[in-house]
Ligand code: NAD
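Just one chain is shown here, as structure tokens, and it is the form predicted alone.
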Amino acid sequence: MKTLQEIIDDSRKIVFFGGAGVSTESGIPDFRSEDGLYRQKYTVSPETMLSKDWFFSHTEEFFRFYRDKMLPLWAEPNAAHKKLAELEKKGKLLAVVTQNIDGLHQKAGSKKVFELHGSVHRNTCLKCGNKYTAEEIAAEKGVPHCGCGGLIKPDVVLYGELLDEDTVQGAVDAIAEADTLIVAGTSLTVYPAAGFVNYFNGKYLVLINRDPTPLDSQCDLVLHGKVGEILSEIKV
């Protein structure tokens, strides 16, 4: 922790790159750990149910699973989200790049957030383009439709879809500009997101994760533990 504090004190352009482990302390389960979403038993795999093909071919089943597992609207920002918002407010954090779709960084007060996999809080009619909130999608029964009759799709990147080009470019530019990159709460096994770390050319590469990752040996500092517990000890 002393080394982490020294790195934070010496940094002026921090970028935080986070995965599902950032939100577990808010009560949102991750995907690939032993008790994660992808280890649970379903007749159809979560990867299939969260695919573009399944969305259009089994839309009612998609939304049943989506509302049950992907809309934790009760969740509140934890110590990690709050500390990152504080770092940004103090002018030390350049941006947050996240693989999460829960919107908790913005709820904590972060302004510059690149959501690589989209957000449950943006939902668009595929026919007319009208926008809907996550709360409206959660309150619907069955397949949500717009007043025009069009199908409403959550702005989340499904399997079989490409990442948004502008979001990717913004994230890459921020990481390339950073003097410190903090990678946290991610197994770094999901591509293309995991490859974003390769754009970092700054001074300090820090990794915070519960379990070891393929990046550990390349980092200046590795801390194994809960992201919120560790970040909450930083003094800004």
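Small disclaimer: the values here were computed from a predicted structure and weren't measured. Residue indices: 1-based, along the sequence shown.
The same protein also exists as the form predicted together with this ligand; that form is not shown, yet it is the one meant from here on.
I28 is the sole member of V197, M49, I28, V206 with a non-hydrogen atom lying within 4.5 angstroms of this ligand in the model of the complex. Listed residues S45, N201, Q169, T189 were compared with this ligand in the model of the complex; T189 is the one with a heavy atom within 4.5 Å.
A residue is said to contact a partner when one of its heavy atoms sits within 4.5 Å of a partner heavy atom; D102 meets this definition for this ligand in the model of the complex. In the model of the complex, this ligand sits within 4.5 Å of a heavy atom of R210.
At a distance threshold of 4.5 angstroms between non-hydrogen atoms, V15 is out of contact with this ligand in the model of the complex. Taking the partner from elsewhere, T24 is found to have a heavy atom lying within 4.5 Å of this ligand in the model of the complex.
Residues are counted as partner-facing when one of their heavy atoms sits within 4.5 Å of this ligand in the model of the complex; in 4-22 these are G19, A20, G21, in sequence order.
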